[in-house]
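Shown below, as structure tokens, is a lone chain in the form predicted alone; questions about how it binds or moves come after it.
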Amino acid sequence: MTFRFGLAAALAAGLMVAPVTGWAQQKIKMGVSIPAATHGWAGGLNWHAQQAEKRLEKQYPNLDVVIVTARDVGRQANDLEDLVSVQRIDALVILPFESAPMTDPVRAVKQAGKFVTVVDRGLTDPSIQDLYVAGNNPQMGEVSARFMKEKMGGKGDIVVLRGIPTVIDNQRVDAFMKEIEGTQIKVLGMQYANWNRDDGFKVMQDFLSRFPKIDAVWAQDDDIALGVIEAVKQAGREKEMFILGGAGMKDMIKRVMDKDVLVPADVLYPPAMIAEAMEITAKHLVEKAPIQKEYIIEATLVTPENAAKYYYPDSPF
């Protein structure tokens, strides 16, 4: 069963638990493996994980949370071995660096008898996981395509910047392409930009040099979008097109609030999902609370009309 909710609804549903006393004092250790803060969204992810660690260890005195971060697949795989053999965790909460190469390392954790929660970037074998928490990736692609389709009147030339080769990237792009089927929107080019600002800049520079006319850019991700914006401005072509990113970075939400014609909208994909995954897993481990198999956070379109609701100036992301 899949449980779908917005962030506020998740909190209201009791996933952010109150301080707890009286639970069995058997020590429980939860490992959390996430990518290092190599870009804005990952920076927000790390911040939310650290905040959740503090809250949970206060709420559950017998819970020990161990967070490890990795800059590449090899390091993350090694971290998992250490969490099982040295840290002796009871459960793993992991946001895989990449889907395919991390599937077998996570499988080994499961085979060692550990509870496994997968966040965001799904494994190629979902049967490994006990719990899955993510944004609604197909919906993110659909919402993005629908907005662009309506704004462009169903016709025009676009370029697409993908993330990295993962299940969620495929879900977003497949849904986006399906949504624009039957329109006169032409995808001139599509390249990976690794959810990275510098790569977004380089890929967009290539697109700008190859295509004399671009009506819109689907950057999919706000970090990528910032690189795209810089490339477009350097080329002096900012009056030619608009750019749609995604995630809800405060800088992008502010642009939408200010009615920046280059950034007319954004689509939410909150890094706080890592905290929700940790909280749900901890509640299950400590309280033996029943859980759903999946928790999916809806993708919300942010426009000038509702942007203020999603603008958090003090947020790290």
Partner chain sequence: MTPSVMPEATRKPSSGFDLKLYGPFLALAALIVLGTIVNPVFLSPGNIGNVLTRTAFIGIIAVGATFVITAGGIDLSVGSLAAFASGVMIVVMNALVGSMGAGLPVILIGVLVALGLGLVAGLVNGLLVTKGRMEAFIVTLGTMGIFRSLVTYIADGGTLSLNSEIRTIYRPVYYGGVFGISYPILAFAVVALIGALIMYRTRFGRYCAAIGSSEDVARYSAINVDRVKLLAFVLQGICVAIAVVIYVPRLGSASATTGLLWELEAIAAVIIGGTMLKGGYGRIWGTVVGAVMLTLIDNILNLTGAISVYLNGTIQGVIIIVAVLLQRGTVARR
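Residue numbers count along the first chain shown, from 1. Note that the structure is predicted; figures quoted are calculated from it, not measured.
There is also a form predicted in complex with the partner chain; it is not shown, and the following applies to it.
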ask   = Of 131-139, 77-85, 96-104, 193-201, which is the one stretch near the partner chain in the predicted bound form, taking non-hydrogen atoms within 4.5 angstroms as near?
value = 193-201
Proximity to the partner chain in the predicted bound form, single hit among E230, E240, D72, D125 (heavy atom within 4.5 Å) = E230
ask   = Since exactly one of D260, E287, D251, E57 fits, which has a heavy atom within 4.5 Å of the partner chain in the predicted bound form?
value = D251
query = Is there any non-hydrogen atom of R162 lying within 4.5 Å of the partner chain in the predicted bound form?
reply = yes
inquiry  = Even though the partner isn't displayed, in the predicted bound form is Q205 close enough to the partner chain, meaning a heavy atom within 4.5 Å?
reply    = yes
message = With a cut-off of 4.5 Å between heavy atoms, is A37 one of the residues that contacts the partner chain in the predicted bound form?
response = yes
request  = Would you please decide whether P61 lies within 4.5 angstroms of the partner chain in the predicted bound form, comparing each non-hydrogen atom pair?
outcome  = no
ask   = Which of the residues spanning 118-143 lie within 4.5 Å of the partner chain in the predicted bound form, based on heavy atoms?
value = none
message = Flagged pair A307/Q51: C-alpha distance shifts by 3 angstroms or more in the predicted bound form. Which direction, closer or farther?
response = closer
